[in-house]
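The chain below stands alone, shown as structure tokens; this is the form predicted on its own.
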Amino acid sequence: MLKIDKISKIFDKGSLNEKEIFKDFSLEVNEGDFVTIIGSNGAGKSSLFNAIFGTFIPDEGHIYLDGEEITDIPSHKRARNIGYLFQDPRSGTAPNMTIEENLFLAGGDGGWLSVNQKKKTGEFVEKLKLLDMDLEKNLKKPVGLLSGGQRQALSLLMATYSKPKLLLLDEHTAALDPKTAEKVLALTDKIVNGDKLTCLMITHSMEMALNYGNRLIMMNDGKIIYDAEGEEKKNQTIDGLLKLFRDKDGAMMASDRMLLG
């Protein structure tokens, strides 16, 4: 479904700031996989998402989505098939527009002037009810007045409204308080599994990485150093992951905030 074939990328090549992010990096994700990704700061997790979404083009290698090569396709075109949620709840919505108007942008098929407006608004109400945040009662409320958790839940709904081929979640609960984060994670799990979406989720919490998804990937220095799915992932523990980190690069990882997740 998603195939990354030996991509390499060097930023600021030839300068004092030259940094190699990936070298012959490969990854294959099957349709319907829910992959959690962990790793220390600078491990390459967000860079991986940027490569998939087209924020930068790799120097070498190829990226395929659903059998189609997307290596050189710009990000605004990839966005038709790839949903992307960021850490900041403000990033996925238009604050000066209402909840209803934001949803029309995500899946209104013609906007709020469409002849199907009433029908689409009814769909929005039903989808918003699934969030259990009373947003369906406030369709005309500007999104900028919502709480962080409400905005992130709305962003999640918008990113998945048209069932993207791939959903990227870049620490999308990190900026929320623990109770709200737990609720948004439960919504994430419900939507991803209910719609059978293919999803990659970056997290700094090992507990979260173990509790969600069917596959877990650990990254370090632009490489995959551990890849577990099925029973192996199910039977893995936080202590086991800590040992793996320390065995690979304990000096760096033992002090990383991820280990406190």
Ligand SMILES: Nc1ncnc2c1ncn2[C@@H]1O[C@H](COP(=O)(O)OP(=O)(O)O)[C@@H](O)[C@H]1O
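All residue numbers refer to positions in the sequence shown, first residue = 1. Just so it is clear, the structure is predicted and the values come from calculations on it, not from any experiment.
Only in words, not in the display: the form predicted together with this ligand, which the text now covers.
Residues placing heavy atoms within 4.5 Å of this ligand in the predicted complex fall in a single listed stretch, namely 33-41, out of 231-239, 192-200, 33-41, 206-214. Interface residue remark: K19 is counted as part of the site for this ligand in the predicted complex, having a heavy atom within 4.5 Å. At a distance threshold of 4.5 angstroms between non-hydrogen atoms, D12 is in contact with this ligand in the predicted complex.
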